[in-house]
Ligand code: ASP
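A single chain comes next, written as C-alpha cells; it is the form predicted on its own.
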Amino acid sequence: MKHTCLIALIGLLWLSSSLSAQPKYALAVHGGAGADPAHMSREEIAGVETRLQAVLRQGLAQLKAGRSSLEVVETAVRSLEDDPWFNAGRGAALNSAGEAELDAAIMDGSNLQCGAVAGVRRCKNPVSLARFVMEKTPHVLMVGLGADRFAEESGLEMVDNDYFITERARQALRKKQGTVGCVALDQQGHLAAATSTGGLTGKRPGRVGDSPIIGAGTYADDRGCAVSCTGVGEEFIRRQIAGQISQRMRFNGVSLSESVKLTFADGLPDDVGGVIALNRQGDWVLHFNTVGMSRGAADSQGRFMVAIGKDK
C-alpha cells in the first residue's frame, strides 16, 4: 500500500513539474481608447471583437511555434494597419489638410533596441518601417520624406497617400476606432511592444503624438514590462507613461498592476486614454480612463478575452 502511494505521489510531482515546465507565452492588443459601446451597434461591436480575436489567435499560433515576441508584435500591428476600421495604416485619421500622416514604433525588450517613424505618407506598413529603422540603421527615429525614401530604398511596399484615406476617415465617424498596439511575451521570456497610429483627426500637419516616442507611447524592457499606449498623445509624452510604468517596476519593485495604477494616478488627467502592459510572468494589465478601449489578451494557459467597454 505504501509502495502504491509512493508511486502515486511521484506521478503527481512529475505531472506538476511537467506543467510548470511548459513554455509560457502571452500577448495583448488594443484598437484604441475612446471606443464607446453605448454608441455602437451590435454589428459594430461584433466587428471589433472579431478583428481583435483574429489578431490574438494569429499571435498565439506564432508564439506557440516559437516565434519571437518582436516578430509577433510586428505581425499583429501590420494586420491592424491593413484593417480600415482602425486609426492606423489604411483608414487612419486625417490631418486638417485631409492627408494621412502615419506614426509607428517597435521595441525589443531583450536589448532595448527600438525604431520609430513619424509623418510617413507612403509606406504601406509603418510598423515594419520602424523595425527597419531599428535593425538597418544606427538611428531610432526617422520622419517625413526621409523615412518614406528609406522605406522605398529598403524594398518595403509603397502606396499613394490616397490608399490610407477611406470614407470613414473623411467623415470621422463616431464608430472610428483608435491607435493600435500589441505587447507580447515569447517562449524565451523576452518582451516586445509595437504601436501604430494616424494621430488625431484634424491635427495640424506635422503634429506627432506619443506612439513613435520611445518611453511615451511605446516601451519594452525585460527588466520591467512591455507597454503600448493609446489616447491623447500629448499627455502621454509629457509624463512618459510607457517608460514610467516599466521603470516603477524595475526601481520600486512594485507589481505590474500597481505600477499602472500609480502612473495613472500621478497627475494623468481623466478621459485621456489607456495602456496595455505585459510582464515576463505573463501577467497583463489593460487599463484606461476613457469610456472604453477595444482590447484583448491571450496566453499559453488558455486565457482568452476581448472587450470594449468597462463592463468586462
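Residue indices: 1-based, along the sequence shown. A quick note: this is a predicted structure, and the numbers were derived from the prediction, not measured.
As for the form predicted in complex with ligand ASP, it is not shown, yet the points below apply to it.
- Judged by heavy atoms within 4.5 Å of ligand ASP in the model of the complex, the contact stretch among the candidates 238 to 246, 121 to 129, 194 to 202, 144 to 152 is 194 to 202.
- For the residues Gly115, Gly233, Gly91, Gly224, the 4.5 Å heavy atom test against ligand ASP in the model of the complex is passed only by Gly233.
- Taking non-hydrogen atoms only, His190 never approaches ligand ASP to within 4.5 angstroms in the model of the complex.
- Contact annotation: Thr218 falls outside 4.5 Å of ligand ASP in the model of the complex, judged by heavy atom distances.
- Among residues of the shown chain, Ser228 is not one whose heavy atoms approach ligand ASP to within 4.5 Å in the model of the complex.
- Contacts to ligand ASP in the model of the complex (heavy atom within 4.5 Å) from stretch 190 to 225: Thr197, Gly199, Leu200, Arg207, Gly209, Asp210, Ser211.
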